[in-house]
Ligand code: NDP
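One chain comes next, on its own, written as structure tokens: the form predicted alone.
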């Protein structure tokens, strides 16, 4: 995006974490940003405003679409949830909620905003997937399945919506230093060890920052990416590229 262009962007789940970083980056780049979230962020900038949104609800998605104006240039489908449970312990309600938020949400928001995204020659959709749509951590069956679905949805949307002038891509973040992840680490008895071991997993030597994801989203949303569509861009410091070795074969052993 160009700061001189008047751009409208919608960011779901933009009240905190990666979504907030994306909303702040797009606003800094000159966009008018609608933050769709169940909670009121309370401290948005002058180019940002909050609209209450439940991404699982067709009525809520339609209500947001009714107030954003005639044209939307960028839709960032970021809202998501995650929980840990074995298959034996998971409930149908938990599974359905993960699918409703993480997978139905991006589809429903794109559908609701389709007329606005087609206006003015087309727009860009960026879905937030995950490296767990490529691999998986233990106890994350619902989360991994939903994020793999987001990646597949992104490809299908790129094919179907490309002729309408709408580009669709996804970003697959790795371990990002969000408040949620920090709180999780702070509860561990071996917090410092866990932080050090997390850094070692990444060839770049550190975990990611929400701004790292936001800058990738900003590129995919921009005219600089006019020929990029149907892609899943992994932002994980090469974590998923690095092949694992047993400790006895490690160069540091």
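Positions refer to the first chain, counted from 1. Keep in mind that what you see is a predicted model, and the values were worked out from it rather than measured.
Below: the form predicted together with the ligand, not depicted.
- Although the partner is absent here, residue 136 sits far enough away that none of its heavy atoms falls within 4.5 Å of the ligand in the predicted bound form.
- A residue is said to contact a partner when one of its heavy atoms sits within 4.5 Å of a partner heavy atom; residue 116 fails this definition for the ligand in the predicted bound form, lying far away.
- Interface residue remark: residue 223 is not counted as part of the site for the ligand in the predicted bound form, having no heavy atom within 4.5 Å.
- In the predicted bound form, the ligand lies farther than 4.5 Å from every heavy atom of residue 231.
- Picking from 156 to 164, 116 to 124, 85 to 93, 171 to 179 the stretch near the ligand in the predicted bound form, with a 4.5 Å limit on heavy atoms, gives 171 to 179.
- Scanning 148, 112, 142, 101 against the ligand in the predicted bound form with a 4.5 Å heavy atom cut-off leaves one residue, 101.
- In terms of contact with the ligand in the predicted bound form, the residue from 38, 194, 211, 63 that brings a heavy atom within 4.5 Å is 38.
- Counting a residue when any of its non-hydrogen atoms is within 4.5 Å of the ligand in the predicted bound form, the hits in 128 to 144 run 128, 129, 130, 143.
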